[in-house]
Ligand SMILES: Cc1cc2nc3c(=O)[nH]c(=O)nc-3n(C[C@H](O)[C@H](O)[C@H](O)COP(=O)(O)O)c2cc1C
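Below sits a lone chain in structure tokens, taken as the form predicted alone.
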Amino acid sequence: MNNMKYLIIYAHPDSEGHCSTILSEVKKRLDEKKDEYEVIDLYKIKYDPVLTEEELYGVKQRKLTNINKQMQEKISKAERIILIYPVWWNSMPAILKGFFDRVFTSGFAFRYKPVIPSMIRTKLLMRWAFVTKFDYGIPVPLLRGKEAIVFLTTGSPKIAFFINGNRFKKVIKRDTLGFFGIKTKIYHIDNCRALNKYQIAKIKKNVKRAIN
């Protein structure tokens, strides 16, 4: 079975704007290269971002819904993942955050290995109760080998984030995708207040560079 080349995850409710223009340009470039791709439009499919009690990590009989099993299968087959979304409140839209909560689960995107081997832990517990503090384990990424391209849009110019910090980039690149072992490149489209010729040209330039 051949792997899917690209999996595009789109998270914006507006069908006309900067993000939708990015999506159209990405699809155009991939079509020109004759690369295989699939688009998951989270708003269009009305994806439910709410994590249920049955899906909690601490639940022994944790249940994964059919839709999220399908999403994991698509991610497993994809060599590259493309994320397109706006930055709201210095982070991603809630629908995309819920997608990460429900789909990139332990055992699929990451796992934990014990800090102390079980045989040694048992012996140490006989003398020191604080050993249980090390039970959580060391995180092990399970999606190494995959790559991601992230297109972010902001209404503010880049200089504003240079002054105030760009936490939204670190959250997706290091704290999220990096935690899973996915190598990520971010493209930030700023000044997204009006979709004019200048903004469209900037989008085309960034998408061309990213896909190439």
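In this text the structure is predicted, and so the values were computed from the model without any measurement. Heads up: residue numbers just count along the shown sequence, starting at 1.
One more form of this protein exists, namely the form predicted in complex with this ligand; it is left out here, but the text below deals with it.
Interface residue among Val87, Met71, Ile81, Leu96, judged by heavy atoms within 4.5 Å of this ligand in the model of the complex: Val87. The candidate spot formed by Thr105, Thr176 and Gly181 is out of contact with this ligand in the model of the complex: none of the three has a heavy atom within 4.5 Å. The shortest heavy atom separation between Ile9 and this ligand in the model of the complex exceeds 4.5 Å.
Shown alone here, Gly155 lies within 4.5 Å of this ligand in the model of the complex, counting heavy atoms only. Remark: Tyr37 does not count among the residues lining this ligand in the model of the complex, judged by a heavy atom distance of 4.5 Å or less. Contact annotation: Tyr47 falls outside 4.5 Å of this ligand in the model of the complex, judged by heavy atom distances.
The stretch that touches this ligand in the model of the complex, counting heavy atoms within 4.5 Å, is 146-154, out of 25-33, 38-46, 146-154, 62-70.
Residues of 13-30 placing a heavy atom within 4.5 Å of this ligand in the model of the complex, in sequence order: Gly17, His18, Cys19.
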